[in-house]
Ligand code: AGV
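Single chain ahead, written as structure tokens, the form predicted alone.
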Amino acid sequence: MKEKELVFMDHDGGIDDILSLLLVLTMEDKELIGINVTPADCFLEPAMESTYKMLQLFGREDIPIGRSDYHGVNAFPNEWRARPEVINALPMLINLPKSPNPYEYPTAVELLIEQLTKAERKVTILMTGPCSNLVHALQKAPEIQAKIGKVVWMGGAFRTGGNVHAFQHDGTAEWNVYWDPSSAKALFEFDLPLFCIPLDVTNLVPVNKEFLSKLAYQSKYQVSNLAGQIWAMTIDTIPSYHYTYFMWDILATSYLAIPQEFMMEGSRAKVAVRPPNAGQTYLDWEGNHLEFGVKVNKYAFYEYILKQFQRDF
């Protein structure tokens, strides 16, 4: 029997992060060995609770959780960060036991170093939030780099505009990079097998009512029912002045399972760290090598998600 792929997930508690955790937990050929929560697109305490409740639904409270005490340079809007509070109040989650005191968990850097050190084979790092914890762990314990098989990051915007609309910014950056541009710059400079799923490709897969309708038709399955409730929370951003809600983190997570449905391009790139384009990821032949998504078979992607969510807890 083929060994399961070891996965360590680092997320920042948003709607699509929690849905991505839900998706990873349905992947039977993946073994989730740890989860870090970063207070970027979330407030830490409710996001830790959401994470723990997801594990409870799958009977996987044995998976360790780490908390990040690091706060990035450019904060996400507070109204976005409050979403985990609503997730925790959903009917399928509100009466589950609360998580232990989040400040009794190990720090994100400690947990990542510990789990990679004791891993018996290489680990895939999945990041659906900023990359700060991984960078800080590598700086503290460089030897863990040998345990990393690949890094899959929902981050960047290479040949398309960004989604940051902020004072003193030109709109070229993607939020996960913009939150901590210096760590993103450091990540690019590590010699890692880095696979970015940027806005270039996530812009092809919006959360739309057609998809949500198909998901609702299979709501007899508990996973579909919960996912539909969580995705419904995005409707007030579809459409809006600046934002359409896309399958940002879910698409990056699906790359673990259906990489054959993506067109990736190898190139070299850098990260800007100062205004007016702080957090911009741009192609530069003097930069470091990475691969980034340029296309995806969106029909295969949507069908994969619908199929994965046809199950109960």
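Each residue number is its position in the shown sequence, starting from 1. Everything quoted here is computed from the prediction, not taken from an experiment.
This protein has a second form, the form predicted together with this ligand, left out of what is shown; the following refers to that one.
Note on contacts: among 188, 76, 158, 195, the single residue with a heavy atom within 4.5 Å of this ligand in the predicted bound form is 76. Between the options 154, 125, 131, 201, the residue in contact with this ligand in the predicted bound form by a heavy atom within 4.5 angstroms is 154. For residue 99, no non-hydrogen atom is located within 4.5 Å of this ligand in the predicted bound form, even though that partner is not displayed. The closest non-hydrogen atom of residue 282 lies beyond 4.5 Å of this ligand in the predicted bound form. Residue 43 falls outside the set of residues with a heavy atom inside 4.5 Å of this ligand in the predicted bound form. Contact annotation for residue 115: none of its heavy atoms lies within 4.5 Å of this ligand in the predicted bound form.
Stretch-level contact analysis of 180 to 188, 141 to 149, 214 to 222, 167 to 175 against this ligand in the predicted bound form, using heavy atoms and a 4.5 Å limit, identifies 167 to 175. Contacts with this ligand in the predicted bound form, taken as any heavy atom within 4.5 Å, map within 16 to 44 to 16, 17, 41.
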